[in-house]
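First, one chain by itself: the form predicted on its own, in structure tokens.
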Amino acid sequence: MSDSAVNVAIVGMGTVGTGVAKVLLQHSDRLARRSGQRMHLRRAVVRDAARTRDIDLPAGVLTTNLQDVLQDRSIQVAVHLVGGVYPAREILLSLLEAGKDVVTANKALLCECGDELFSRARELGRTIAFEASVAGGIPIIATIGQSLAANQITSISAILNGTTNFILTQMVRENAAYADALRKAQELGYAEADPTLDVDGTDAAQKLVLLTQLAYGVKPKLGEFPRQGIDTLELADLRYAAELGHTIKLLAVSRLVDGRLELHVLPTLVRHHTPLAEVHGAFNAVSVVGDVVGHTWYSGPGAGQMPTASAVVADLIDTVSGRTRITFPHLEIWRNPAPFAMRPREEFSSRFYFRFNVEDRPHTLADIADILGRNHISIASVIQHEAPEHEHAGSISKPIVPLVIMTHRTRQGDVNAAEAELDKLPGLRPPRVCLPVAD
């Protein structure tokens, strides 16, 4: 172990930054043994130096001036924990330009600007490590980028957002409506005051883009693949899914089908007692299939202060020890021409779950079945619970009842065509729910 110390700066001392500082200060001997050099926290850049923090930093570490890092040539590595895209992009570029290797957890920034940032880092002879950007404490970036490098990845199926998984777990276990489960997630700190990016599927989609680039060398844009969150799910759908032997998870899927790449982030029915169905609370899970290794499985806490700090500090150790400098130039991400074309959504195929709200009158089920059949969609099962009798025999209004249909495997294009006809069918009332079913 070298007697010299590597000076480290943290830019952004929020929840994760505080966790990183705790690890650096409390476990310095362990980190020195594993990196080969002692790491010294020299600067921590914050917006408000007067804010109370759950850590006692050494005198002189805290600063509100980024220039204290940029102009300090003794600082060799910067931990970039600034959220969003702007000014996070400018800050990361300035750190590279100032001669710092960078460790970041910002998946939104890498998803939007990663090609520019990686290219500039390589031009400057610097590195960017980003394990903490996906799945928190699960080492999935290193797994796909390094440990499974002998494989062509053929499938990734993942729960990548702990907030949505917690909400879905609450809805099932506590029989809670979506709004109540979301409120509980916010009270426990799993969901932000504005949870939009979590619950509408954007966060999971950004992470899926990074995994897809690592696994396939393809950079999809967020608008190029289907994305739907859980913010429109009703408790009724989770109940019907359970009746059919399934649970609903927000699944992020990236896989090769007939030599082309299929991506989507969608609420999906997953059969009970399968590994993904058994991931509860704020945990994440990733299933990866390689053509050499076969099926592999990774699960753990996907967010939170210390799980994310664990990933950040692991990147620091790799950077300080020199491992990142060896692996960074050879990552598929943002480097090579895309070897796989994107598969059109119309060609996606799976089984589907439909829930209709229908007027309880003769021939409605037959009309729906006729439309599905004419569009090559075969019905596997039907649930229609008995409707209450009319209170008055002469009543003109008819009760609205749910009708649930599970299909056999079919094409998304056929589903789209059927839905266009279903839109014109009298007796159907919104909302209509259509969700894929995982194999």
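What you see is a predicted model, and the numbers here were worked out from it, not measured in a lab. Counting begins at 1, following the sequence as shown.
The same protein also has a form predicted in complex with another copy of the chain, omitted here; what follows describes it.
Here the marked residues 184, 231 and 409 all miss another copy of the chain in the predicted complex; none has a heavy atom within 4.5 angstroms.
Stretch 315-323 is the contacting one of 345-353, 315-323, 102-110, 186-194, since its residues have non-hydrogen atoms within 4.5 Å of another copy of the chain in the predicted complex.
Contact annotation: residue 377 falls outside 4.5 Å of another copy of the chain in the predicted complex, judged by heavy atom distances. Shown alone here, residue 149 lies within 4.5 Å of another copy of the chain in the predicted complex, counting heavy atoms only. By the criterion of a heavy atom within 4.5 Å, residue 399 is excluded from the residues contacting another copy of the chain in the predicted complex.
Though the partner is left out of this view, residue 327 does reach within 4.5 Å of another copy of the chain in the predicted complex, counting heavy atoms only. Just one of 76, 310, 247, 170 comes within 4.5 Å of another copy of the chain in the predicted complex, counting any heavy atom, and that one is 310. This chain lacks the partner; the member of 121, 82, 142, 251 within 4.5 angstroms of another copy of the chain in the predicted complex by a non-hydrogen atom is 142.
Heavy atoms closer than or equal to 4.5 Å to another copy of the chain in the predicted complex belong, across 230-250, to no residue whatsoever.
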